[in-house]
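We begin with a single chain expressed as structure tokens, specifically the form predicted alone.
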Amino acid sequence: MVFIIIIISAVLVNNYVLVRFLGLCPFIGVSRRMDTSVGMGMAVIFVMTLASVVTWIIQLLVLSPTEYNLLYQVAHLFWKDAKPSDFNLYPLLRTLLFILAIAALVQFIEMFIKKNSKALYDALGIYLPLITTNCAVLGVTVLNSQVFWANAGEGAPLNLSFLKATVQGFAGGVGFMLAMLLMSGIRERLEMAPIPKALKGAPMAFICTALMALAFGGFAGLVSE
């Protein structure tokens, strides 16, 4: 039941694009065609899911001031008075390590798409490597980490399990892809609509995005946080 709530929350109630307003650059830039939207959506799902997995492990083994911290384990071999609280690197290195992990994953998927689908690689263009700086991807890892650390003290049990973090990352990517597909369907229809010249392109796309965001606002309260 808890995983169903996480999925509904990430896809509909707290959609990263239409509710949290993260990742708008690739959302607007790549949503002109359905095929490129599908490709970008799949790439974001892959990166978000693996980023959630990798950053959860980084938090547990590197950033957390607990006995699981590898730095604490090494230091304790030579310094018996070492305490886990001496190795609380979360505030200092969280953003840096998360971005490095995301960048490595994006590089991997970029090479994979370039080798297996040159047409999709060319269609995605600059927006594929820009997944590295996609704030929606970084956002899901940061939000996971905030839940991970909520009310946690030294030696306290983890507040966000590995499986929950993985499901939340996957659902966040599905929500991003859903928003992309809805937008691409609208923009393909808009190409045949008599739109004033001043509103063609990005202006009308942002107007449609605002209307979609209002619609998704109706899901507020569907599940509790």
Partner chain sequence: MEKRSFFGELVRGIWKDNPTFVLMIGLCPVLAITTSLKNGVGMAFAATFVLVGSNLMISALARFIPDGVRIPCFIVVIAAFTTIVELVTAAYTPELYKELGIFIPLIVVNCIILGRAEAYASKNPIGLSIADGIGEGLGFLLALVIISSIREVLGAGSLWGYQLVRWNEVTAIKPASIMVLPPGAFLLIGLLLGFFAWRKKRKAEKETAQGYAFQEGIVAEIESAERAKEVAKKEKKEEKSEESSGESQA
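Predicted, not measured: the structure shown is a model, and the values here were computed from it. Numbering follows the first chain given and starts at 1.
Another form, the form predicted together with the partner chain, is not on view; read the next lines as being about it.
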{"query": "The partner chain in the predicted bound form reached by all of R20, C25 and A198, non-hydrogen atom within 4.5 Å", "finding": "yes"}
{"query": "Touches the partner chain in the predicted bound form: H76 (any heavy atom, 4.5 Å)", "finding": "no"}
{"query": "I113: touches the partner chain in the predicted bound form, heavy atom cutoff 4.5 angstroms", "finding": "no"}
{"query": "Partner contact for T95 in the predicted bound form: the partner chain, 4.5 angstroms, heavy atom", "finding": "yes"}
{"query": "In the predicted bound form, L143 touching the partner chain (heavy atom, 4.5 Å)", "finding": "yes"}
{"query": "The partner chain: the contacting residue among A123, I109, A82, L138 in the predicted bound form [heavy atom, 4.5 Å]", "finding": "L138"}
{"query": "Stretch 96-117 - residues with a heavy atom within 4.5 Å of the partner chain in the predicted bound form", "finding": "L96, I99, L100"}
